[in-house]
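The chain that follows stands alone, in the form predicted alone, written as structure tokens.
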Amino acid sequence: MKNIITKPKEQPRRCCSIIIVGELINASIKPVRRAVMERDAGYLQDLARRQAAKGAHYLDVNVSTGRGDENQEAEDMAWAVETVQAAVDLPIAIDTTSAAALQAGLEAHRGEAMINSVSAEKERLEPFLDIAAGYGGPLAALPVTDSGIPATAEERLDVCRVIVDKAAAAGIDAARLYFDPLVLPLGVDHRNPGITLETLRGIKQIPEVKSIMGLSNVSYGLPKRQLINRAFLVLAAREGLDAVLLNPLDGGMMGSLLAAEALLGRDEMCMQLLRAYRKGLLDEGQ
């Protein structure tokens, strides 16, 4: 017998100015993939509640189980969105490369979802923008083309500008766009984090748009991944990062973020930091 979907509970107030997207409901993680395939609502709801309790503002939901069936992914996405929102009163970041799954997730969603994500790839750009035009909410965008990830910051920024123009043609305001500067592994090329930060600085110069970052890829293949992720988050915060996908159960990560915001003068009288401390958001471990 599967777990019964429960009613939403009140969630904590926002703990910092950077939008936190909890990353843990992702079918690339084996227990999550199992939960999606077996319709284990309780497992997903527990992950949702724990991330919400630690300060997440959105919950990323990725149900790509590798079965290669777009109709199945659409069905899985609708189920997962309804299941998560039955447990927590938070919006979802619908994380998919499938237009069918995106449409299904948006239709199932209560309130305004985040769309994660559009890119400049031909088969993804216009279909996703056409769907997004019919809904509100933020739209994460990747400066990726059919040729792959541009090597330089300037090339990535050129792609961002193309997406801005295409979005405008679809009736989507630039203010809805959150561009990802693309985080590539430090262990593959020591220049990668610098290119990401340079791209982030450039994104901040494009009128109205905002920025978002998938953090954990920076440490792929290296030891002490949490240490590297935390340090890179602080550097990105300094550059004006607006939103980040991370593990909110990592108290050290949340502590680094809140401390950075206080040191950057974004937390008057350190009230956010102190409030998070009292709520136990800075505790280490999961």
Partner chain sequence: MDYYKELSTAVQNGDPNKVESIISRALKEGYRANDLLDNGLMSGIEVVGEKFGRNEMFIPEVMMSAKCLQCGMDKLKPLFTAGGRKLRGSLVIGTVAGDVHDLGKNLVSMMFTANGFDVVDLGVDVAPERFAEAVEKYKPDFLGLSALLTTTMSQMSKTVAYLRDKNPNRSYKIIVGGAPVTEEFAAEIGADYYADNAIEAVELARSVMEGN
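Small disclaimer: the values here were computed from a predicted structure and weren't measured. Numbering follows the first chain given and starts at 1.
Below: the form predicted together with the partner chain, not depicted.
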query: The unique member of 127, 137, 185, 194 whose heavy atoms fall within 4.5 Å of the partner chain in the predicted complex; finding: 185
query: In the predicted complex, residue 39 touching the partner chain (heavy atom, 4.5 Å); finding: no
query: Partner proximity in the predicted complex: residue 238 to the partner chain, non-hydrogen atom cutoff 4.5 Å; finding: no
query: is_contact(residue 65, the partner chain) in the predicted complex, heavy atom dist at most 4.5 Å; finding: yes
query: Proximity of residue 171 to the partner chain in the predicted complex, heavy atoms at 4.5 Å; finding: no
query: In the predicted complex, segment of 215 to 223, 252 to 260, 47 to 55, 229 to 237 with a heavy atom within 4.5 Å of the partner chain; finding: 215 to 223
query: Contacts with the partner chain in the predicted complex - residues in 23 to 47 whose heavy atoms fall within 4.5 Å; finding: 28, 30, 33
